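The form predicted on its own is given below as one chain in structure tokens.
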Amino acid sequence: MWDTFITATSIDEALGLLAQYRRDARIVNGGTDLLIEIERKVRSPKVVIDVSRVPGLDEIRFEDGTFHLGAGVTHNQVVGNKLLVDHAYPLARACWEVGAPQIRNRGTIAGNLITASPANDTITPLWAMGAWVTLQSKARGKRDVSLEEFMLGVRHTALEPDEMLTEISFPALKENECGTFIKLGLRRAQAISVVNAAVVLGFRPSPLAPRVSEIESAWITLGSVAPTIVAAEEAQRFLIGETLEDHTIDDAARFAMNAARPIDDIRGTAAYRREMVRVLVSRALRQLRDETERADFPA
């Protein structure tokens, strides 16, 4: 257990404490990940800095086509925000799949990123939507880091000991874009992902229904199949210029399967995970084609 618990009242105060204690300190907000890590001795901070009462950290802003989520924004705040549901559905869907209501009410998106487990649900859609994080320190000020640069491996990020993640940003989906997130767990709720996948597609303008035209951009990201999130680059390239016919979807799903480098563990074998990548990507592409990705999302 920690030696000292401090409730910070501002970002400046939190940054000052991080500069003072550095590797001995750890930030906590919702605590749904950190308290478990401390209990299991994954992390052993001497000083815990609570930022849950820092004003403004739970704000969601939408400016010039870009969403900005404060480090205190919870999963249920995302699920309940109409703008995010309408224009960042993959993230909203992932947040809805996290844990149970109690966890979604306390757990934050920032905490999900900092824990840096490849099975954490919100990282996959944020990666697919081109997200970046803002890191801040007392000595060096602010810097923006893409998720690809931020996520370095299992429980390993680019966050320096004196830095705090203060904001997560990503562009809203454009009018010609759509996307979704699908998770496979061992139970329907409160289950860590065996595999998860996010798909974001952009379509060329068409006088017909928008999703029957050729694909001009594609992002397919996979979680829980490698030390960090992976993009199925072969599948992405294959989809450009194609339409979502059944045979195209089947081929793209097989290409996506090739990007997975999973391991055997208690939740599933590597072979099972690779096959489930194919199944989930195929299912996501069909949902997007048929416009059914929101059919079971709560009103």
Partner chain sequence: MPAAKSYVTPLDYEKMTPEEREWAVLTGRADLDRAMKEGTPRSTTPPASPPAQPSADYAVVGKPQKDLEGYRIVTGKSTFTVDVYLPDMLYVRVLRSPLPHAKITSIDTSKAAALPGVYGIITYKDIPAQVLAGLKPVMASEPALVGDPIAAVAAVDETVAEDALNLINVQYQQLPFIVDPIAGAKSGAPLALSNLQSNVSGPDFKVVRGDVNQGFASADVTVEHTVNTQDQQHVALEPHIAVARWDNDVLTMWTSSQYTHAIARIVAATLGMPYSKVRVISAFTGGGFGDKTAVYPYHLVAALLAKKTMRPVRYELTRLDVFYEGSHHFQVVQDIKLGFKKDGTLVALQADSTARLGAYSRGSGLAGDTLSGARLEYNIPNILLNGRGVITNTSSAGARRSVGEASGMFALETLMDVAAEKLGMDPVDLRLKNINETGDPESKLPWTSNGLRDCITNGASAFNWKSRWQGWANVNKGAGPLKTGVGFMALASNKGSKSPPMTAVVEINVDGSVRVVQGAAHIGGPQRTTFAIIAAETLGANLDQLSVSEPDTAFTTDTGIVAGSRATKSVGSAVKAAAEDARAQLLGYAAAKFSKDLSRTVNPQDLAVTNGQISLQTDSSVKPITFADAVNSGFIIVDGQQVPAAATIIGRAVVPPVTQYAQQTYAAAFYEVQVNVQTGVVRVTDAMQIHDVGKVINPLQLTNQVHGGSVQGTGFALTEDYIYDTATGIPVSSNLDDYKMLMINDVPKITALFVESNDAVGPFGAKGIGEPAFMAAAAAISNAIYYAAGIRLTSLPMNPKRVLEALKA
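Positions refer to the first chain, counted from 1. Everything numeric in this text was worked out from a predicted model, so none of it was measured.
Omitted from view is the form predicted in complex with the partner chain, to which the following refers.
With the partner removed from view, which of 40 to 48, 25 to 33, 59 to 67, 231 to 239 is the stretch that lies within 4.5 Å of the partner chain in the predicted complex, judged by heavy atom distances?
Stretch 40 to 48 is the one.
Looking at the partner-bound form in the predicted complex, is Glu291 within 4.5 Å of the partner chain by any heavy atom?
No - in the predicted complex, heavy atoms of Glu291 and the partner chain never come within 4.5 Å of each other.
Would Lys82 count as a contact of the partner chain in the predicted complex, using a 4.5 angstroms cut-off between non-hydrogen atoms?
Output for Lys82 is no: heavy atoms all beyond 4.5 Å of the partner chain.
Does the partner chain get within 4.5 angstroms of any non-hydrogen atom of Glu275 in the predicted complex?
Flag for Glu275 set to yes.
Should Gly268 be counted as a contact of the partner chain in the predicted complex, where contact means heavy atoms within 4.5 Å?
Because a heavy atom of Gly268 falls inside 4.5 Å of the partner chain in the predicted complex, the answer is yes.
Of the residues Val154, Leu186, Val212, Ala158, which one places a heavy atom within 4.5 Å of the partner chain in the predicted complex?
It is Leu186.
So, Ile6, Gln77 and Lys174: all three within 4.5 Å of the partner chain in the predicted complex by heavy atoms, or not?
Checking in the predicted complex: none of Ile6, Gln77 and Lys174 is within 4.5 Å of the partner chain.
Using a 4.5 Å cut-off on any heavy atom, which residues of 164 to 182 would contact the partner chain in the predicted complex?
Nothing in this stretch is in contact.
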